[in-house]
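Only one chain is shown below, in structure tokens, and it's the form predicted on its own.
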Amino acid sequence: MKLPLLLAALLAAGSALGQPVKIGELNSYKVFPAFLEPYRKGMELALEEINAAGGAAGRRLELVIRDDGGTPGDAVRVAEELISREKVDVLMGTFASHVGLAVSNLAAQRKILFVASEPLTDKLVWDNGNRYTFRLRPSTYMQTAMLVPEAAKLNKRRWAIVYPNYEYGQSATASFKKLLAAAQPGVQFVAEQAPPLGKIDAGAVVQALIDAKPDAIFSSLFAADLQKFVREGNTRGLFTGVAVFNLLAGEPEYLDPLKDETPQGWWVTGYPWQAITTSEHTKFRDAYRKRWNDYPRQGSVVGYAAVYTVATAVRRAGSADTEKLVEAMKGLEMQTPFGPIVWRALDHQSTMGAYVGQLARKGSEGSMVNWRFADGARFLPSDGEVKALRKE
């Protein structure tokens, strides 16, 4: 090779080595700030740690963050801009399930890795699963499966259901009905309320549930809808003598605002950050508090783990090439603040678990008690069921 050509090749190689791995992160920051502000802090902490340690495969990570507007149409437009204009190597994020599904579909069309950090619908990795989409958090099926054993123990016959009427709430409801009916044959679902997300008429919903006279309630409400439901339910006596199970209600983002209105005894999935003493969580919690002078929320853990997922995949692949990253993600093992997880090759679902417990009041604050960690790997359907669901 002639000297000028050799020099050009060396310069090109050096330039490539210096290029960062660009992560295109899109999320509904303005629509769901309670979750996504801590999420962003978790991402930034992970980014700082990874880059301070030399990056991944010799390359720094870079976050290119955009707001997706909380709608599928806006999210697809933003994702396209990240791919075409920003030339990102990976897509990451989304919060609402219907938004996650839209971005997943685009990722399959554009052949780019999409690490779906938060959307919980089962369709993301099963019915609508594709080669390029991987999901971090335990799904609606997994989290309802974590609650169903406690629900079945109570042997309540008449159940009412309330959920936000969009993909997440619909998926959670379908999973709960299926799993509880299997665990407790003869159960009856006597009422179903499905208010629009963020627009609950709590008085009307609560009264409809009172009129149905249920023995127990399953809810997947969260954020402001949950607060309004709790307040109106407390005022009207809906919860007196009625068992309640509520996905996500133990997460600090949604539990902390309830304060002295926190209902006693509800079974929930959540994050009792104060009480978790494992070494991996203590290390994360201390680093987060030192960096942000604040305590972590569920979103903090998810954002932190999502960035580490990309870094770990890049290291395993030795590259940011999409096809190599997709192969690296299959069976990828890594550590998180909740312990070790595996990214399943079968359906691209991580085995991240969740904490299950009951709500209680301590003074004027809500907390989780009687909690346990539920390993996500134990709350998935059989491989045969997954293969039947997944059309890829």
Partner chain sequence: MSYASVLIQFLNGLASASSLFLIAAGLSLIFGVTRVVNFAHGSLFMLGMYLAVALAPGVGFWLAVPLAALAVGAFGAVAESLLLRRLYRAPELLQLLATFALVLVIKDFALWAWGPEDILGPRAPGLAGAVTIAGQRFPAYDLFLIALGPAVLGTLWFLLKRTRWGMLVRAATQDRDMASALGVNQKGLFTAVFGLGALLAGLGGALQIPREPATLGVDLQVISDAFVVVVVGGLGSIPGAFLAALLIGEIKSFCIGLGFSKLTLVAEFVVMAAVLVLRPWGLLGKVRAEVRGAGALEPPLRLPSRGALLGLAALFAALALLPALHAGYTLVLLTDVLLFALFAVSLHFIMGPGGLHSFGHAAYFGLGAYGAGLLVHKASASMGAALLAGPWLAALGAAAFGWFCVRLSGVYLAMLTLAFAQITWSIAFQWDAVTGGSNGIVGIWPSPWLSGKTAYYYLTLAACAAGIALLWRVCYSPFGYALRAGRDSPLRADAIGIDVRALQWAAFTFAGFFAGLAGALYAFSKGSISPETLSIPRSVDGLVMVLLGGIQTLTGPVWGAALLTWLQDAVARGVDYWRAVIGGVILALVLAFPQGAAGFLRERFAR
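Residue numbers count along the first chain shown, from 1. Computed from a prediction, not measured in an experiment: that's the story for all the values here.
Note that the form predicted in complex with its partner chain isn't included here; everything after this is about it.
Of the residues K177, R231, R315, R157, just one reaches its partner chain in the predicted complex with a heavy atom at 4.5 Å or closer; this is R231.
Between its partner chain and the residues Y163, F114, Y141, F284, the one pair within 4.5 Å by heavy atoms in the predicted complex involves Y163. Put simply, S84 is close to its partner chain in the predicted complex: some heavy atom of it is within 4.5 Å.
G198 belongs to the set of residues with a heavy atom inside 4.5 Å of its partner chain in the predicted complex. Mapping the unseen interface onto this chain, R131 falls outside it, with no heavy atom inside 4.5 Å of its partner chain in the predicted complex. Its partner chain in the predicted complex comes within 4.5 Å of a heavy atom belonging to P72. Listed stretches are 208 to 216, 133 to 141, 316 to 324, 270 to 278; the contact stretch with its partner chain in the predicted complex is 208 to 216, by a heavy atom cutoff of 4.5 Å.
Annotation: in the predicted complex, residues E37, L101 and G203 each come within 4.5 Å of its partner chain through at least one heavy atom. Along 213 to 241, these residues reach a heavy atom to within 4.5 Å of its partner chain in the predicted complex: A223, A224, Q227, K228, R231, E232, N234, T235, R236, G237.
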